[in-house]
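As a starting point, one isolated chain is supplied in structure tokens, in the form predicted alone.
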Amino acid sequence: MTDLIPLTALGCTAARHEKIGAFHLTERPNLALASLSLRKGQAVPSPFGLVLPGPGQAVWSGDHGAFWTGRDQWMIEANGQTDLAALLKAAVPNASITEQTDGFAAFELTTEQGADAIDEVMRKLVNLDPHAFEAGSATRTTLDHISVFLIRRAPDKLSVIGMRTYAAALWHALAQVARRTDADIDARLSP
């Protein structure tokens, strides 16, 4: 039998990380995802103790999180969890649950320069007002012509979740914008 080695969305055996000036770009292969859709007339549940968020919002509690994806629909996240869909189905047996982990690639961009640097990155990446997209915000948008979920986990942390087949293109787009933004910040700070 062939020995199979699990690879990340970028084709590596370990998560890729790159420091770009004041920015850190990190692949998150350990982020499990499952979609949760309520059936007609079903009350909104609280899986894993999460109060499921409304439109444009995300929440976290411990190793679990959720972000709104549509009316009565959410994406549930778990750090390092295997078979999230089965655990979610046990917690919410009457909902429609679909495992999503293998279909997506997740990346995080953080900075040592604070919220203004992430705001500048957002202005270059997506057509969203970064000042209205504060910590706890989530949306589906396009980034470099690729459909993604964008989540502002903290003022200085932006998560991008996109289809796994576009992982390399998303990494390239994020790294390029981080380089340009870091250079622009350096130019402004230079005497």
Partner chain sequence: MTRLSTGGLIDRETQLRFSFNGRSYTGHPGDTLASALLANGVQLVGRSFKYHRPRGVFAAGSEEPNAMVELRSGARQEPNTRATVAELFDGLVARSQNHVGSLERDLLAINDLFAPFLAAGFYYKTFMWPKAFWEKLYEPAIRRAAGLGTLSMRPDPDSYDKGFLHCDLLVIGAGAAGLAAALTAGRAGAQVVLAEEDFQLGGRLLSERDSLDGAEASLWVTKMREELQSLANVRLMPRTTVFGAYDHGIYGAVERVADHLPTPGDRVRQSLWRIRAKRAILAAGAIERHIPFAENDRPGIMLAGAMRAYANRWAVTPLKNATDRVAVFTNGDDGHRTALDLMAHGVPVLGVIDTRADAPRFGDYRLFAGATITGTKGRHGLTAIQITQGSKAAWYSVGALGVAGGWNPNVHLASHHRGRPVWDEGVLAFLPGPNGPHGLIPVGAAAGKGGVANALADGMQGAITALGQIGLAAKPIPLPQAENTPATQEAFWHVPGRRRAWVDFQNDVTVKDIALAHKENMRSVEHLKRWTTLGMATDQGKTSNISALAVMAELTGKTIPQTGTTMFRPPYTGVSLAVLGGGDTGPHFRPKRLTPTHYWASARGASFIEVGPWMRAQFFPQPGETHWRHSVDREVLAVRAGVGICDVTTLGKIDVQGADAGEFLNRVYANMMGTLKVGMVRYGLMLREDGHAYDDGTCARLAEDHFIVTTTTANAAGVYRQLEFFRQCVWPDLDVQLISTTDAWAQIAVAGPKSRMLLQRVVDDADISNAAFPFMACRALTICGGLRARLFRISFSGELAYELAVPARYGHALMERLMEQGADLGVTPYGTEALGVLRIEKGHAAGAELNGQTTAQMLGLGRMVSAKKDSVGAIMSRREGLAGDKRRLVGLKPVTAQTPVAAGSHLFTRRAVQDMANDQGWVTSACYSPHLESYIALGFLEDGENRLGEVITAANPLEGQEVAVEVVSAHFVDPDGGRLRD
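The shown structure was predicted, so the numbers you read here are calculated from the model rather than taken from an experiment. Numbering follows the first chain given and starts at 1.
The discussion below concerns the form predicted together with its partner chain, not included here.
Trainee: Among the candidate stretches 59 to 67, 153 to 161, 45 to 53, 140 to 148, which one is within 4.5 Å of its partner chain in the predicted bound form when only heavy atoms are counted?
Mentor: Looking at the other structure, the answer is 140 to 148.
Trainee: Can residue 134 be called a contact residue for its partner chain in the predicted bound form at 4.5 Å between heavy atoms?
Mentor: Answer no; every heavy atom of residue 134 is more than 4.5 Å from its partner chain in the predicted bound form.
Trainee: Just checking whether residue 189 would be counted as a contact of its partner chain in the predicted bound form - the rule being heavy atoms within 4.5 angstroms.
Mentor: Output for residue 189 is no: heavy atoms all beyond 4.5 Å of its partner chain.
Trainee: Give a yes or no for residue 91: in the predicted bound form, does one of its heavy atoms lie within 4.5 Å of a heavy atom belonging to its partner chain?
Mentor: No, residue 91 is distant from the partner.
Trainee: Please tell me whether any heavy atom belonging to residue 79 falls inside 4.5 Å of a heavy atom of its partner chain, as the geometry stands in the predicted bound form.
Mentor: Looking in the predicted bound form, residue contacts with its partner chain do not include residue 79, since no heavy atom lies within 4.5 Å.
Trainee: In sequence order, which positions of 78 to 100 have a non-hydrogen atom within 4.5 Å of its partner chain in the predicted bound form?
Mentor: In sequence order, 82, 83, 96, 97, 98, 99, 100 come within 4.5 Å of the partner.
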